[in-house]
Structures are given as structure tokens and as C-alpha cells.
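One chain comes next, on its own, written out as C-alpha cells in the form predicted alone.
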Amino acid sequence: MSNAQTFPTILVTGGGGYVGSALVPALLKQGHKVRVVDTFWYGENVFADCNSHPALTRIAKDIRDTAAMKEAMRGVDAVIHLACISNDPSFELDPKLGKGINLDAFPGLVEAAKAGGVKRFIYASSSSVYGVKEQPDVREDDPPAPLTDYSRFKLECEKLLMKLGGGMTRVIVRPATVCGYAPRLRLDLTVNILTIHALVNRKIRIFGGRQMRPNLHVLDMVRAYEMFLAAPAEKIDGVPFNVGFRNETVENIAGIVKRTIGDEGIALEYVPTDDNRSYHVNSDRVRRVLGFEPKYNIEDAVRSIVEAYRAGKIPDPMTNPMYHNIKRMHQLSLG
């Protein structure tokens, strides 16, 4: 039985964001009806050739609107909850807004899903819940030690889902840092930042360089969500899954970018930094339990941005706030 037969109607919160802009078209092409709940800060037409798809419903609402969420959940079979104020700097811009969206809205969302008859609730947590660990392989059983409110609230929502989500299959996903081209592009993530700077400025600024970053191509992130829809409930219910690929230092990522672009004239500039957050995760569990193997690598992510840039799909990459969460939030006077 296909995913579309098991879960005909899927609601994606935050579906107008970076991952959602790649995920929603993939779900539509699989035959699902997709409802996207989003404030659409980055525009409503972020779904490439699926913007006018007949099975796509846009619901321009805030997830803090409990009544709207109850209405949106009616007749939904599965939820993929992506909506949040993403990453630490954006969160810190307005901590009250961040807490309202990332934590306070969550119990109402879970209750609305249960009341609406949702069978599977997939929650996008974060690999940052582990904090900074010394060991080279951080696994799901290692004790979480979140360092910021952003990651603390991610962990708190995992616990709330387990407490409140009985009766649904509860899926906890802890993704690595996503990279590569998607229609609603982010240029404030490590691989993407370094690539666009290399293309536009022919210079890559490396802040520090020894910090580790776990990476995952956006198309593999999409494949992972499709897999969590397809997986048998007994294999995934209540089990956290790291989903990453390569743990690389920022310095190594810069080297990959330079080699992949193939321009010897790109300069590397080292800049001291106070931000020594270093994350590295092990994704053996998702491989062992579900057979998930990434198809794409960092080089593929770099190439996808290079191709989009040269095709004119990334206008004004250095000045357009749409590519930077925190700049767009400033533009909208959010914090």
C-alpha cells in the first residue's frame, strides 16, 4: 500500500519554509492531498511547479490560533510538524515570539490532531538537543543537554508529544543541518552560506573552522519524512531518530565548496569567532531500523546551489532578506 493510500491527507505546519518548499511538492507528486498551515512570511508561491496543484490547500494561519488548528486538522491522516522559529539567532531576536510558537502552541496542536483523528504525528525536533558533546558519535540514547531556549523547547516538545499524543503514532526526528537548493532557499546555513559567498564574492570566510557540523541534503530530508510516513508504527512510535549524513568541520566544508565549484581563484579567509558550538551526530539507528541511506552528499548540495545561481533562480543573494530568517523577521518587525 502506498503512503498516499495509508495517509491520503497530510497537514504540514511550516510548509512554506525551506524544507517544506521541497517536501510539499514531493508529497503532492506521491498522490497525497496536502494542507499547508503557515504564516507565509516568505511568500505563498514557494512550491515550484506545484504552486497551483489542485490537491494543495494553503491555510494562512498561525499555529498559535487554536480554533484555526482544530478546523485545519479535520479529516487529516498525518501531520508533519515543521513550523518553528528556526535556529538560535532567529529565536533570540524575540524570545517571547519564539516560545509562543516553538513551545506554547505545541500542546494545542497535538490535542487538535488527536481530536481530528490524525493517525501519525511526525515532529521535527533538532540534533541541537544534545548540546556540545565530547564523544565523536552522539547517539539517540545519549543524555540531551540543550544549551539554548531553542533547543530546550525542542526537547520539551518531544516530551509533550509522548505525554499528550497517545493514540497516534508519535515520530521524533532530530535532523542534522540541512543544505542544498530548495524553492524557499535559506542562505543562513553553513554549506549554503559558504557556497553563495564563494560564487558571489569569490571568497569564503571561515569563522573558526574546527567546529563540527552534521549535514543532510534537503532532498534526503524529504526522503526521510516520506520514509517515516511509510514505516510500520511499531518500529517508530516514540523512538527518537537522528537523521544526518556527514559530520564535517566548517573548515572541511569550505574546502569541499571550493573543490566542487572548481575555481582556484576562490580565497579562504579565517576569522576568529566566539561561537564554538560543535555538533556531531550518529545516524546508525535510522539506517538499522528503517534501512535509510542518504542518496546525496555535500558536493551535491553545493552543485544544486551553483546550478540555481547560474540559472538566475537566486536573485540578489547577498541583499535579499528572503534568504535569511533573521533579516526577514527584522523586515517584518518581528522582534
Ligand SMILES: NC(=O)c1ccc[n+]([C@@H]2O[C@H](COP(=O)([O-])OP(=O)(O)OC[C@H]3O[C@@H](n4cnc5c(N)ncnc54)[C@H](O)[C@@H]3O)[C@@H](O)[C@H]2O)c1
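One-based numbering along the sequence shown. From a predicted model like this one, the values you see are computed outputs, not experimental measurements.
FYI, the form predicted in complex with the named molecule isn't displayed, but the following is about it.
- When contacts are defined as a non-hydrogen atom within 4.5 Å, all of F40, R64 and C84 contact the named molecule in the predicted complex.
- Of the candidate stretches 140-148, 250-258, 178-186, 199-207, only 178-186 has residues whose heavy atoms lie within 4.5 Å of the named molecule in the predicted complex.
- The partner is absent here, but in the predicted complex a heavy atom of I101, alone among L219, I101, L164, L155, sits within 4.5 Å of the named molecule.
- Contact annotation: of the candidates I193, A224, A124, M168, the single residue with a non-hydrogen atom within 4.5 angstroms of the named molecule in the predicted complex is A124.
- Remark: G14 counts among the residues lining the named molecule in the predicted complex, judged by a heavy atom distance of 4.5 Å or less.
- With a 4.5 Å cutoff on heavy atoms, I314 does not count as touching the named molecule in the predicted complex; it lies far away.
- Looking at I326, you'd find every heavy atom of it more than 4.5 angstroms from the named molecule in the predicted complex.
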